[in-house]
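What follows is a single chain, given as structure tokens, in the form predicted alone.
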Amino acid sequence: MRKVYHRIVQIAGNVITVEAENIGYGHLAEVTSARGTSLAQVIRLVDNKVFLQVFAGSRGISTGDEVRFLGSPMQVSSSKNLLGRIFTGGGIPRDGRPEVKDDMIEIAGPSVNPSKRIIPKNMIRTGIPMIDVFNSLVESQKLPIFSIAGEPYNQLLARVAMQAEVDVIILGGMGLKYDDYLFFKNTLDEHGALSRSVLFVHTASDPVVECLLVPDMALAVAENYALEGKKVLVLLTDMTNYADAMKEIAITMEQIPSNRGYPGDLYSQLAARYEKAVDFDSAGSITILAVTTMPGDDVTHPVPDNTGYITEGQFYLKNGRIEPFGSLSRLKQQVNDTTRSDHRAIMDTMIRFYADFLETKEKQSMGFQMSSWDEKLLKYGVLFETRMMDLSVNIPLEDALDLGWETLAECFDKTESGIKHDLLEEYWPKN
């Protein structure tokens, strides 16, 4: 029988404080007031003072209300019955169907022991040329999508969810507009991907503490599925909203702020989530693709800046396209040599010519006279942006490589490509 506390010593925003003993960090509590019973979570311990974030907000709670600690952290079901389901950040069904309470597991556990990990070696195909050809996504990789507000990063995540060659998709939405939530739900449902997906969605109108629970819930479920041998892809949007939720709670608790008001443990909190990416020895894998919006398109903002030290590269989404310069998958060399013999050559050659195209385009804008070589580069650049960079392009890797050869042949002579002779003989279009 858990002890009931009848005195709340402080109410600050949505954080209440009680004096209690033998309480664990992250444990849950029930707060009973005139409005009913609300769930709260322990977010700070100072001596015998326990600070709790009330999920539904502190409105209607008075200092004489009851607080009962449940003796355990937040838990989520890891049942196969989660597939096709949509939940709130607090784990409550958002789709109007019954709760799932079997196979409960704790969230926010430690990352996997390195001795249980293996070196990543398998590519995840997405059908997006700018990913598959130029910055391949690798199983167990952790990659952010750096973007600004207004870019189609949610549409990109939905494309990946529909087309990625994985067993399970877990989507964690943080601070989503309701329209974005409906977009994910309807898109996955219409394309038949919802049946292999689990959605944890926190909207902008939901309690802020639920935003902090979303990644932990998504990754706890992902880890359990991966241990059962599943290839799991976790899609998170938006980690900047997650960091802002951390900042909001830290300000409420009057913590000493760090850079731009964010808490001093921002790096550790982000790393604890990203390091859940793993390829298990003799089991499945967890791959993380997470949106990080950059306020003011500032990559030195604390959230993208800290993220860059944790992850294995990044995708830059700009002007509705994945930019080839700035985007990087540090693990692509693990898989590029195992896809097709011309993969590395096409990737390097097309990016080199595109860089030359941008220089030529700048010369053209300044009124310089164009040479015949410049004209070839201008033609190539337009084709490259249309055939490779446009996010509406949806073709398998092998077709994308063939299209790359066709594009080179349309713009340049064989001898101008700089590609090895044996590859030219095998892949250069005959007509």
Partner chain sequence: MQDSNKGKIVGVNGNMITVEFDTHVIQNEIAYAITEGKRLKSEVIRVRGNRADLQVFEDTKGLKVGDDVEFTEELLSVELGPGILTSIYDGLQNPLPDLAKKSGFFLEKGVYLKPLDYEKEWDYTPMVKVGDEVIAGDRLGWVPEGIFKHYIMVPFTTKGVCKVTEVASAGKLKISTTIAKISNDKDIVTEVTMVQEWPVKIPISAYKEKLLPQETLISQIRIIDGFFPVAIGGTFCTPGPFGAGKTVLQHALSKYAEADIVIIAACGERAGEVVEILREFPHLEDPRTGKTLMERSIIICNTSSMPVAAREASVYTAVTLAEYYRQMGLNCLLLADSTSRWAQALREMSGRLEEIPGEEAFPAYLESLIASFYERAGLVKLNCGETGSVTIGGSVSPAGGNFEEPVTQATLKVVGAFHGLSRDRSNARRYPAIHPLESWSHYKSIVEDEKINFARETLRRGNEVNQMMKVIGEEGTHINDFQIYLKSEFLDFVFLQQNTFDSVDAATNKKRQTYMFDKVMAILKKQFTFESKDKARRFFLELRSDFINLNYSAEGTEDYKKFENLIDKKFEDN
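Note that the coordinates shown come from a computational prediction; the quantities given were computed from them, not determined experimentally. Numbering follows the first chain given and starts at 1.
Another form, the form predicted in complex with the partner chain, is not on view; read the next lines as being about it.
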Margin query: Among the candidate stretches 231-239, 103-111, 177-185, 197-205, which one is within 4.5 Å of the partner chain in the predicted complex when only heavy atoms are counted?
Written below: 103-111
Notebook entry, point to check: Within 4.5 Å of the partner chain in the predicted complex, heavy atoms considered, which of I118, I92, A149, I251?
Noted result: I118
Check: So which of M162, V335, A272, M246 reaches within 4.5 angstroms of the partner chain in the predicted complex, heavy atom to heavy atom?
Finding: A272
Checklist line | Contact check for I16, S79 and F315 against the partner chain in the predicted complex, heavy atom at 4.5 Å | finding: no
Note to self: in the predicted complex, does R330 come within 4.5 Å of the partner chain, counting heavy atoms only?
What the structure shows: yes
Note to self: Although the partner isn't part of this model, could you tell me whether Y153 comes within 4.5 Å of the partner chain in the predicted complex, counting any heavy atom of the residue?
What the structure shows: no
Notebook entry, point to check: If you check in the predicted complex, is C411 within 4.5 Å of the partner chain, heavy atoms only?
Noted result: no
Note to self: Does any part of K361 reach within 4.5 Å of the partner chain in the predicted complex? Heavy atoms only, please.
What the structure shows: no
Next item on the list: Heavy atoms within 4.5 Å of the partner chain in the predicted complex is the criterion; list the residues of 257-274 that meet it.
Entry: P257, S258, N259, G264, D265, Y267, S268, A271, A272
